[in-house]
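Let's start with one chain on its own, the form predicted on its own, as structure tokens.
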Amino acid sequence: MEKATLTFTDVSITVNVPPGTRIIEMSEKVGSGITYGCREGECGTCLTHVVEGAENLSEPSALEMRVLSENLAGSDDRLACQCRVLGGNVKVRPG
């Protein structure tokens, strides 16, 4: 199974994660500033800027795309409760 790492640049912590892990699952554990409200992809609170490795994340769903556009998110922004790390290295910081 491919290994994946997730780095939270705001707290300078890198963790090994199983492929398929949602960013929000780890951000809480490491104390990153990536917070959440609903966990359902509706509120936009967990907006996350992908510094590196966007190609290693799951494709955004129609719901995530809508919430990102409503929040005027940039092309490197994702919702931490929706996107999953599929493998490789991903670096994120709070949006």
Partner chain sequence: MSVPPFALRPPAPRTTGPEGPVTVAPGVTWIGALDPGLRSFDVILKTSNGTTYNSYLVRGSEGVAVIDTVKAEFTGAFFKRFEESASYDEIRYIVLNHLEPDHTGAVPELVRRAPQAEILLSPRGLPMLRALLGAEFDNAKVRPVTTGHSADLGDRKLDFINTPYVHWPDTQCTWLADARVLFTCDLFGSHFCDGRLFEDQVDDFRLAFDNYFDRIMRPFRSFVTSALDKIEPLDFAVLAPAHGPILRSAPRDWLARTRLLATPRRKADSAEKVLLIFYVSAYGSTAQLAQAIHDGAEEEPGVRVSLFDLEGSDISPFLDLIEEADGIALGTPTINGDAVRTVWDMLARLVDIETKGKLGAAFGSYGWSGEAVRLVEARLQGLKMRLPEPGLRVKLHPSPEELEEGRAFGRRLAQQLTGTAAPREIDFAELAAR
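Positions refer to the first chain, counted from 1. The structure presented is a predicted model; accordingly, all values stated were derived computationally and were not measured.
What follows is about the form predicted together with its partner chain, which we do not show.
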Worksheet item: Going by a heavy atom distance of 4.5 Å, is residue 57 a contact of its partner chain in the model of the complex?
Response: no
Worksheet entry | Heavy atom of residue 61 within 4.5 Å of its partner chain in the model of the complex | no
Discussion item. How about residue 12 - does it come within 4.5 Å of its partner chain in the model of the complex, if we only consider non-hydrogen atoms?
Written reply: yes
Discussion item. Quick check on residue 86: any heavy atom within 4.5 Å of its partner chain in the model of the complex?
Written reply: no
Worksheet entry | Any residue of 28 to 55 that, in the model of the complex, places a heavy atom within 4.5 Å of its partner chain | 28, 29, 30, 31, 32, 33, 35, 42, 45
